[in-house]
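Next comes just one chain, in structure tokens: the form predicted on its own.
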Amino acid sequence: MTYAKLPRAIRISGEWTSVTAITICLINQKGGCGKSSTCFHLSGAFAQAGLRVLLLDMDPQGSLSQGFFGSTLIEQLSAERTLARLFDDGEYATNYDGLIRRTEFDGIAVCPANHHLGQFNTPLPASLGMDQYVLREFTEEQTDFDVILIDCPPNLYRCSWTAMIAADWVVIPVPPEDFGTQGLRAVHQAIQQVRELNPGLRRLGHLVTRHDRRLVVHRSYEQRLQRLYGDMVLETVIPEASAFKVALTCRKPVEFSSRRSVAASLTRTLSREILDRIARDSGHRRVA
């Protein structure tokens, strides 16, 4: 059985032509590889470019949500105020009022998560039924946004599976170390399996994160990734920069906290590369 994704037009101001609607999930089965951080900072770059961004926090740890709103508020949210409500068969299952929370930044909104989502992030059973499409149905109703970024937990359980079913594109953040690159085959296999239900799902690429060019081992693993996956490795490399950490402490994407920093510049470069790749794959060209 397949569940066809309905195309939606989006507006991209400035130098970009229109492309197909963008729904991107960031996935890896390892923690600490930069999924939440990339979503957090990338949302700022997209918003500053004039795009309306919706962040879906599908990780029960709620790190992305806490990045914008703080741990106290997020941890105290009731289940119906988090993405857990999408998996609940109760009265809130198809009622989304109050689920989307606006941030202090124009163009950025968040659907938060906390521990309530954990009960639904179970290992995949033999059959998930129609529950695996709930996130997709939700995203298809969000006509007020141009880009949807989905942060996934550090495993390939139910939350990651439903995120891939809802997505058009997958980005795989990978720190250039042994522990960061282990398990990539399982991630690729999961993507291939999801394509049986979401045939339009595509790999946007592997994103090298937490990189330190001073370390020989990091340069070596980056080169190894490029040999293995070629142009499926994004050209933009995200370093382990203090500006990212300071921005997170201030609860501001680096684009808003330190726009002139190298970290902010690289995040903007990443946002442009992502749009370029999507436009190229969709048959559109960037405006010169």
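What you see is a predicted model, and the numbers here were worked out from it, not measured in a lab. In case it trips you up, residue 1 is the first one in the sequence shown, and so on.
The following text describes the form predicted together with a small molecule, which does not appear among the structures shown.
Although the partner is absent here, residue 154 is a contact residue: one of its heavy atoms lies within 4.5 angstroms of the small molecule in the predicted bound form.
Although the partner is absent from this view, residue 42 stays clear of the small molecule in the predicted bound form, with no non-hydrogen atom inside 4.5 angstroms. Taking non-hydrogen atoms only, residue 244 approaches the small molecule to within 4.5 angstroms in the predicted bound form. For the chain shown alone, residue 248 is a contact residue for the small molecule in the predicted bound form, at least one non-hydrogen atom being within 4.5 angstroms. Only one of 44-52, 66-74, 219-227, 234-242 lies within 4.5 Å of the small molecule in the predicted bound form by heavy atoms, and it is 234-242. Site residues 33, 36 and 210 are all in contact with the small molecule in the predicted bound form, judged by any heavy atom within 4.5 Å.
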